[in-house]
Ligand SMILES: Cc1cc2nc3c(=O)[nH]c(=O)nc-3n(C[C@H](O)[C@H](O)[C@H](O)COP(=O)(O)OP(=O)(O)OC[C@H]3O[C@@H](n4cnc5c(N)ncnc54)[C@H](O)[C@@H]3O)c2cc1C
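Taking the form predicted on its own, here's one chain by itself in structure tokens.
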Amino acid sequence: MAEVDSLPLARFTTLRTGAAPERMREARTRAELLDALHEIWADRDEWFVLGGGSNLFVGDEPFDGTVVRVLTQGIERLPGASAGTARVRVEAGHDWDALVAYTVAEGLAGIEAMSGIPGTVGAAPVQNVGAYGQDIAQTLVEVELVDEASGEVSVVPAADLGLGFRTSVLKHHYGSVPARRAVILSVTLDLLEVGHGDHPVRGEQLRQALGLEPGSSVSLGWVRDHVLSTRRRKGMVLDEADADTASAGSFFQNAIVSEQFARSLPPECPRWPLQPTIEPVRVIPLDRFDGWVPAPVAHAVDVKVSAAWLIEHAGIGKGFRLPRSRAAVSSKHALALTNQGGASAAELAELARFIQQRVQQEFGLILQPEPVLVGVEL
């Protein structure tokens, strides 16, 4: 695959920041992607792959290495799904929302609540993308990936990816390196075949977001349309005419804290207990039962708390900006930091640090960035 002209990464990132890297390549087929990666790794060059650029915050200085744009496309139905489900394999460069639209049109349920999320399919497992109580871990079967260390392609089950809240073994968290340096080539999902009629909406968080009562039944198309409308109201659907959408989506992660710490926060702060550990069933044979049953062991349950609520109640409202800055908090959603036109990465980073400091001072908690940071320090 030939090298292409190196263009400013601001053209390809939804935050609209980033200088032109030293080198840039485009991969439109799997073979081109593998050839590029093998060559870069053999040369021990610095690198990163670029999909939709929606979860990336790139600095103002040129990246000293090669950026590979993943442009592979394609959806394929596979055999092997259990009754009532369909198995689909999708190339890494395929647009995520185009995949969601395809599944809704085919009457396949499982990712419809993630309508409107920008980016590519290959990026979805890296941060276990999710919205309104759905995440890709619920439908992901496996990924094909190529490891930097060996250069070999392998099929990795979802259970081996360390999927957690907006994380996996593949994600480059701020201040750390991925547990496994690899590039996803394709993603395989199992989705429920529900058709185009009404069916019960699973998940309390999704029902609340859509204003539905428990037991309500609606179609996949209805869910998709209403999720897109909700995201548009929050500035979370890309729109060139709306500067509030020039963002990386939620810039800060909802915080995962202990039950004890959560009790120190104001009671009105929204919170969602994470799945508790289930004690195994204890069976005591009657011939050995002496009338005493051991007390159950208490397990601490981590709690997810709303970063948007913490930000707003630390005195930073929607639309907030620092003096003379072109970076601002979205006027629609307190979690989104936006480029209001020509903002540098330095301006956005300054705003992010200010928010972190205010939340820490007010609540004793340091919010962590959700996007991958390249050439930027917070």
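Bear in mind that the values here come from a model prediction, so they are computed numbers and not experimental data. All residue numbers are counted from 1 along the displayed sequence.
The same protein also has a form predicted in complex with the ligand, omitted here; what follows describes it.
Colleague: Although the partner isn't part of this model, could you tell me whether Leu7 comes within 4.5 Å of the ligand in the predicted bound form, counting any heavy atom of the residue?
Modeller: Heavy-atom contact with the ligand at 4.5 Å: absent for Leu7.
Colleague: Give a yes or no for Leu378: in the predicted bound form, does one of its heavy atoms lie within 4.5 Å of a heavy atom belonging to the ligand?
Modeller: It does not: once the ligand is placed as it appears in the predicted bound form, Leu378 has no heavy atom within 4.5 Å of it.
Colleague: Taking heavy atoms only, is Phe48 within 4.5 angstroms of the ligand in the predicted bound form?
Modeller: Yes.
Colleague: Examine Ile184 and determine whether its closest non-hydrogen atom to the ligand in the predicted bound form is within 4.5 angstroms.
Modeller: Result yes; Ile184 sits at the interface with the ligand in the predicted bound form.
Colleague: Quick check on this chain: which one of Ala92, Leu189, Leu220, Val143 has a heavy atom within 4.5 Å of the ligand in the predicted bound form?
Modeller: So the residue touching the ligand in the predicted bound form, by this definition, is Ala92.
Colleague: Of the options Ser54, Asn339, Thr66, Ser330, which one has a non-hydrogen atom that comes within 4.5 Å of the ligand in the predicted bound form?
Modeller: After the contact test, the surviving option is Ser54.
Colleague: Have a look at 193-201, 78-86, 98-106, 245-253 and name the one stretch with heavy atoms inside 4.5 Å of the ligand in the predicted bound form.
Modeller: Going by heavy atoms within 4.5 Å, the stretch is 245-253.
Colleague: Need the contact residues for 131-146: heavy atom within 4.5 Å of the ligand in the predicted bound form, sequence order, or none if there are none.
Modeller: Stretch hits: a single one, Ala131.
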